[in-house]
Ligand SMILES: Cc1cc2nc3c(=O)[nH]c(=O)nc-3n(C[C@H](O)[C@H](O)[C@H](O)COP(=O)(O)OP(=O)(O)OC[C@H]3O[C@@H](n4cnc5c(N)ncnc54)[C@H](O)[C@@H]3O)c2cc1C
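Shown next as structure tokens: one chain only, the form predicted alone.
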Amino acid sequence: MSSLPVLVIGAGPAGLRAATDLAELNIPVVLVERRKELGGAPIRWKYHSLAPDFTPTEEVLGPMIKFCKNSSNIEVIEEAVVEGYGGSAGDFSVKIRKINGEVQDRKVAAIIVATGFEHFDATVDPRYSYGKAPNVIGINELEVMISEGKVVGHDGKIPKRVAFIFCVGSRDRSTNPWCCTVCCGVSIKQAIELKQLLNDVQIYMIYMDIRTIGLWEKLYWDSMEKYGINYIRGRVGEVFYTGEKLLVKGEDTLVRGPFEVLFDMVVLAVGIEPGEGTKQVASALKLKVNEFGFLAPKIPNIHFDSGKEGIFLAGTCVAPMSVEESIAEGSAAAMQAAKLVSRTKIIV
């Protein structure tokens, strides 16, 4: 069996799972992360819990982070990127550059790319006044507030009426035409958590369509039947700050009429899009990307196969998906890398 390590690029849910699985098989791993912390977006944005069952994020990612930091089979290189590669499956040469300029040339048997995603930057869509009007925030920012147990506006006041606007940066040809698959469920989860945290808050969900896939559908019904959360099927045309409140203007597409409603806080369900790390690694490893900027597998629905022997893909660098799906994809990619390692005989 090869004694060369497997390179895992990205230490979010998919990368952590891949590194953990390989290390538990006694296969050495080099785990490269471009930021200081391990855990990806869920840790960076302090995700409080995961849909659909409100499992604390720390319970899911915490053990993997601890394992990767402490395992003798895993070398963690933080604040670094992979700049290029050569060789072939079983005997790759890769160049790793740290933020301080230090460069390492390493030999690896296989490569797993798990560079994750970024939340859509709503400042590019002026209709929502994100970054201009106070108390217009993203679901990622709300997760931080919920994790800290304190949801307040810019003036320190507790919001009495909150609107969630779905599909911000998703299903919109002027920004991103794809569905991010999870933002409906995440928004509903957060709305329920707000109800639990702020007992008398009124919540309105302004949506195009509700896409709570599979077992996530229970969130939708519970939000209405148990928590009294309101739903408006419509399209938002403008969020306007009156100087005191946020006026949301739009069209109710069920009754086919305009609406104007005042809110204390507006939460934008900002979608998933490829991050800078995915763009960078695509260039460094000469990987194909699809029309949306995600890494393109050889066969669209078999995500781990990059089309290049010895290079495997996992998680949201390929397509929008939940944390749980990303973890499963990390395991799938790890299995493919382990099979390749078992076939090689290179000794360092």
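Residues carry their position along the shown sequence, with the first being 1. Only a predicted model underlies this, so the values are computations on that prediction, with no experimental measurement involved.
One more form of this protein, predicted in complex with this ligand, exists but is not displayed; see below.
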property	result
In the model of the complex, segment of 139-147, 259-267, 125-133, 246-254 with a heavy atom within 4.5 Å of this ligand	139-147
In the model of the complex, the one of 85, 178, 216, 231 near this ligand [non-hydrogen atom within 4.5 angstroms]	216
Any non-hydrogen atom of residue 303 within 4.5 angstroms of this ligand in the model of the complex	no
Contact test in the model of the complex: residue 20 vs this ligand, heavy atoms, 4.5 Å	no
4.5 Å heavy atom contact, residue 9 to this ligand in the model of the complex	yes
Contact of residue 35 with this ligand in the model of the complex (heavy atom, 4.5 Å)	yes
Heavy atom within 4.5 Å of this ligand in the model of the complex - qualifying residues of 59-90	80, 81
